[in-house]
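Just one chain is shown here, as structure tokens, and it is the form predicted on its own.
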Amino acid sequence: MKNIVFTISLLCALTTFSQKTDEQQIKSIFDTSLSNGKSYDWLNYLSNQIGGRLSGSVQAQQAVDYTKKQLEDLGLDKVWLQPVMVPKWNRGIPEFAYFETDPGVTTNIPICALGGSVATPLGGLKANVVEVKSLDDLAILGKQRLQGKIVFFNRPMDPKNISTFTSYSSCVDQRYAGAAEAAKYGAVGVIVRSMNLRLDDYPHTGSMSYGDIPVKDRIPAAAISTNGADLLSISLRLNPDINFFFRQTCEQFEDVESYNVIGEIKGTTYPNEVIVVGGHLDSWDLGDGAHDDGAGCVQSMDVLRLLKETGYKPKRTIRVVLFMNEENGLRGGNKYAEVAKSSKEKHIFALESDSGGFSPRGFSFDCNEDDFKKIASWKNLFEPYFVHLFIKGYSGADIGPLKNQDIVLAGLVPDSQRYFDHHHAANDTFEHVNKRELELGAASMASLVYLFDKYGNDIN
């Protein structure tokens, strides 16, 4: 009898000893990511073997096939594709632009079509250019000053904001709605200063909308590099009668079928409670989408691998979702939320990475005040890794449609100072991603997912 009691006591002691503390589990995650991470290799393939992954493109489908195979190779409990209809827009041949100060005296300027724009006439579009700083300036100038002109939106990102996303948000309206608003005053085209704090020669594309304007009344819209915008602005001060010429051959097609890529580890205790981690698989076509958002996708994939690699058995179902069509439609995020709602799935937490693969600084949480106070008690666990900025705020576009009163939404917050140097531009490429920074981000995400899985709705 004594031997039986001793054996039971020993087993209990060993079981207790084998259970890692939060500090130990998080250290194990970071150690594994930094010494045996897979995110960088996956990103290398996405960027250099597939490239830019515009929704509806061959490259987008190749990315779907590749990431599905990688998730299957991880030995997850389930991997599947979720169909979603997405827009298909093609840039066409490279754009060309110049401004003309005198007849025959021209200066070439770097531009790129905005995503969703119509083409110029086949031979290009040439007209007098009028500079404005905001959408409100259009009403001040009126149809008399803008009829038949090309409108040049030249409001720069504010360099005084430490959060560059604040600067981006304060001026992106001119890119998104500039063409629709200018068309109302008879403008024939729109040129928009690139959303970039740095002065360089890279034009930055991005989504734009014509609202309810009929197709026949839509005007072409392009982004101009920051150097080009400054040169054009200075030249206009010297000569207000400058003509601007640009040519682009982009085209919008019918919607096509694509997919969200989904994989999960089934929970051992509460399998009906779902935790989501993800990024968007599509990208713009100018670069290879390494930071936006290849980085977020491979980090999210590695979250599940890191949990498995460190021997952690999730209580809840942990699901990675690689969303399609964030850049020009958000169809993937909306479809995922629609299916989750119709299936009556209970999502308790969702984490998105869509701010680049730079050094992680912390997380932004969209939740109620009580939950946030409890979450903030975890900050000390992240302090050894310098990832302890916990703030309330924006989480992510693709997980936004999941929002309800019960779920906590979060976004990884990397250092943002260099992000808009690359955002939506031809230099958003693999060589600008640092391996260690990327792996630190994956480990940070895995650690937060671990804590939410362990404590669930009892966040303490």
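No experiment lies behind these values; they were computed from the predicted model shown. Residue numbers run from 1 along the displayed sequence.
Quick note: we don't show the form predicted together with another copy of the chain, though the next part is all about it.
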{"property": "Candidate stretches 258-266, 157-165, 208-216, 313-321, one within 4.5 Å of another copy of the chain in the model of the complex by heavy atom", "result": "157-165"}
{"property": "Heavy atom distance at most 4.5 Å to another copy of the chain in the model of the complex, all of 128, 185 and 245", "result": "no"}
{"property": "Residue contact check: residue 359 to another copy of the chain in the model of the complex, 4.5 Å heavy atom", "result": "yes"}
{"property": "Residue 384, heavy atom within 4.5 angstroms of another copy of the chain in the model of the complex", "result": "yes"}
{"property": "Residue 38, heavy atom within 4.5 angstroms of another copy of the chain in the model of the complex", "result": "no"}
{"property": "Residue 81 within 4.5 Å of another copy of the chain in the model of the complex, heavy atoms", "result": "no"}
{"property": "Another copy of the chain: the contacting residue among 392, 69, 403, 418 in the model of the complex [heavy atom, 4.5 Å]", "result": "418"}
{"property": "Answer option from 149, 335, 388, 88, heavy atom within 4.5 Å of another copy of the chain in the model of the complex", "result": "388"}
{"property": "Residues of 191-225 having any heavy atom within 4.5 Å of another copy of the chain in the model of the complex, listed in sequence order", "result": "197, 198"}
